[in-house]
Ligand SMILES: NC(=O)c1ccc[n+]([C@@H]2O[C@H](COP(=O)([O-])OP(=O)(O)OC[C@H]3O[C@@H](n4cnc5c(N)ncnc54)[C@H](O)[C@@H]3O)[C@@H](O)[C@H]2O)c1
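Here we start with a single chain on its own, the form predicted alone, put down as structure tokens.
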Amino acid sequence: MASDNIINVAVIGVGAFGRNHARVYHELQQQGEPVVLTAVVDADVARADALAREYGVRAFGSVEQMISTRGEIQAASVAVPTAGHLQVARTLMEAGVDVLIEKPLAASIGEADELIQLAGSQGRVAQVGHLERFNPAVRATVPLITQPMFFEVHRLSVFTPRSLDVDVVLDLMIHDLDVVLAFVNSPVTEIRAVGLPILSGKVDIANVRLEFASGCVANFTASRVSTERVRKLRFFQPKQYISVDYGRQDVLVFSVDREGGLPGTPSINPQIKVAKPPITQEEPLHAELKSFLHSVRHRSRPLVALEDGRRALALALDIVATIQQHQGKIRLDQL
């Protein structure tokens, strides 16, 4: 594909996540990116029609209908419920369409493996939508990583009646699992986890402790029944403490004064310097979709490939199983 060719894209599933994908593709198009939002697809035809009118595109009730009449689609975001990821992505990839699949990648490891196999056999670019990897604060932190040894991660959200078909681990915590797995780059050796259903039939609040082969330990708390919204990751490595605020898109680095360290302002303790790496604010979804389109255009491996999505999914499912074991131990169903 020539570098100046326009990429025609579609969004499959235009609920809360899908609407944002459509909005950002349209914004990128207006900003001069060589991309055109061409179609939206949703089983709720009225919802698809309404969004199609807003952006002046075609609406379809199924992927098959879109493919049969809009053969020029080169790439698509898959934002249907997780249970439909495999079927929709398979249809698209077999029709020659590159895909960005929202997280979690699939409903099971078997389905994730099938998606990976399909992408390989069909020669398709396939990316998973782990949005926080494209958060400017996370991207600014990657060059600072040396040997992380302890993480404290909090992701708290107010209750909304969306994504209640999955536990909070697969809904919210999976973002942080993916980021920490990328930062640590070491196998998980131990999982301890507890979780409780509060307002839904699934686990709404969970606390998890992971230990890695490297010796690193990570504590995660995720809640979708909080009274406040918090998205923070903090970690310690030799002679350094780094605090990442996903929402504010900023990073604070506290370093013990040493030669070659980050330049910074001395704190109350003169041996400790505080620095803020330069960050260019950007909506993570803009960065994610631009990265996906770059991979489509240049036939390159996505920054967050399906294998990354499988790794995060496998860990999340192991955590869910550990929570279920704990619930059995405390006989939660009898309380």
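Note that residue numbering follows the sequence shown and begins at 1. These numbers come from a predicted model, not from an experiment.
Although not depicted, the form predicted together with the ligand is the subject of the following passage.
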{"query": "Option from 39-47, 305-313, 23-31, 290-298 whose residues, in the model of the complex, bring a heavy atom within 4.5 Å of the ligand", "finding": "39-47"}
{"query": "Among the candidates 251, 88, 184, 208, the residue which, in the model of the complex, approaches the ligand to within 4.5 Å (heavy atoms)", "finding": "88"}
{"query": "Listed residue that, although the ligand is not shown, lies within 4.5 Å of it in the model of the complex (heavy atoms), from 102, 204, 178, 111", "finding": "102"}
{"query": "Contact label in the model of the complex: residue 81 to the ligand, heavy atom within 4.5 Å", "finding": "yes"}
{"query": "Residue contact check: residue 321 to the ligand in the model of the complex, 4.5 Å heavy atom", "finding": "no"}
{"query": "Touches the ligand in the model of the complex: residue 148 (any heavy atom, 4.5 Å)", "finding": "no"}
{"query": "Touches the ligand in the model of the complex: residue 131 (any heavy atom, 4.5 Å)", "finding": "yes"}
{"query": "Residues within 4.5 Å of the ligand in the model of the complex, restricted to 196-223 and counted by heavy atom", "finding": "none"}
